[in-house]
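Only one chain is shown below, in structure tokens, and it's the form predicted on its own.
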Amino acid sequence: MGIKVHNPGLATTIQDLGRPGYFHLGIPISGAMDRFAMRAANMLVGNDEGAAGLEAVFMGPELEFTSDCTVAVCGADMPIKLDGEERAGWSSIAVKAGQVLSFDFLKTGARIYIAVSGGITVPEYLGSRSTYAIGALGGVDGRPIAAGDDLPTGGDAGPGDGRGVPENLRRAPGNPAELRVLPGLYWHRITDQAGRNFFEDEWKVAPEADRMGYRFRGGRPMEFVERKQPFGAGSDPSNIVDGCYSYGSIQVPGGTEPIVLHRDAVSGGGYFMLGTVISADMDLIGQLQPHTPSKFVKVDMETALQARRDRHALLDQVRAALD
């Protein structure tokens, strides 16, 4: 019982909610870039929300199912086809053995999440099935899926058709996307005017945007407060003595193009961190295409904590709608 991969799509990987607890060893959390969409897809097919599914970027895979199951696809708007017949996203889809799931061209967003009842049951590594391709860890031999792969599943037929996440409970970035930021420990390294510029300017997602981080372009360069170069730090004003990077940290090498560190990012290095995108908005970054206009919005800790509570409340609403 499982899934035959006819066409892997583009950089399609097995992901769950990640492997927390190893960041101090240099192993990132990995897992779904859009955790909300991953959770919703798993709810729709009757899985635990942390079950492993597929994350596909910009282009969907072509998959044949070898047993009856239920499938759901959440996240980006990428038309879904079952044996060539279009089906709805954010909804449960009953699949018979031998049927083929495929996708049309991407319309909006960047990533889809494909959940199958019973989950994808490749072996766990450090408590997770998530693929960390740079470290060759998890997934299928630590790599994206490939044509000819047979992906094992839990073999559960699932709830079948008829379940859906209401449109008002689905999350997607706006245009421009607004990303809330909590200024960080190194905010004092830039001038007051540079700080105002960062939040006033409109940025655009650069083509260099992946699971490690999203680069943004188009805003004014940073102006740094003069300093004496610390022992152990590089000579560029953006360099610091090596520090730890949290999930969501914004580093600005050379003071020109901010990079938001995401699920597969390194855990430390020698660039200052301007601040951190709050956890409630990190899912939105995973749905940004290159060239998407974006604004950074300054918030305080109370606002960040309330946003996290609001996100948990939204997930509760999805659970209630599906019950």
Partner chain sequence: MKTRYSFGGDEHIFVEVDEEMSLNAFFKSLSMTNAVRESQIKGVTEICPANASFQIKFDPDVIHPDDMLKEIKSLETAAEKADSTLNTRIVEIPVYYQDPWTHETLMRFRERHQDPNSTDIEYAASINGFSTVDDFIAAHSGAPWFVSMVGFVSGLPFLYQMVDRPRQIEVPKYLRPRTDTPKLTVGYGGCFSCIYSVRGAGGYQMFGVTPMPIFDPKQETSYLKDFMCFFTPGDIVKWKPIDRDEYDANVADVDAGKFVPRMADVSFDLAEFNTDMNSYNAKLEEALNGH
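Everything numeric here is computed off the predicted structure, so don't read it as measured data. Residue numbers count along the first chain shown, from 1.
Not on display, but discussed next: the form predicted in complex with the partner chain.
**Q** Within 4.5 Å, heavy atoms only, which of A51, I278, I285, M43 is in contact with the partner chain in the model of the complex?
**A** The option sitting close enough to the partner is I278.
**Q** With the partner chain left out of view, which of L182, A177, A157, V122 would have a heavy atom within 4.5 Å of it in the model of the complex?
**A** Of L182, A177, A157, V122, the residue with a heavy atom within 4.5 Å of the partner chain in the model of the complex is L182.
**Q** Since the chain is shown here on its own, which stretch among 81 to 89, 168 to 176, 224 to 232, 194 to 202 would lie within 4.5 Å of the partner chain in the model of the complex, judged by heavy atoms?
**A** Only one stretch passes the 4.5 Å heavy-atom test: 224 to 232.
**Q** Hey, in the model of the complex, does G270 get a heavy atom within 4.5 angstroms of the partner chain?
**A** Heavy-atom contact with the partner chain at 4.5 Å: present for G270.
**Q** Contact between V266 and the partner chain in the model of the complex at 4.5 Å, heavy atoms?
**A** Result yes; V266 sits at the interface with the partner chain in the model of the complex.
**Q** So, in the model of the complex, is A94 in contact with the partner chain at a 4.5 angstroms heavy atom limit?
**A** Heavy-atom contact with the partner chain at 4.5 Å: absent for A94.
**Q** So in the model of the complex, does any heavy atom of Y132 sit within 4.5 Å of the partner chain?
**A** Although the partner chain is absent here, Y132 would touch it in the model of the complex, with heavy atoms inside 4.5 Å.
**Q** In the model of the complex, do L25, E302 and R308 all reach within 4.5 Å of the partner chain through at least one heavy atom apiece?
**A** Yes: each residue has a heavy atom within 4.5 Å of the partner.
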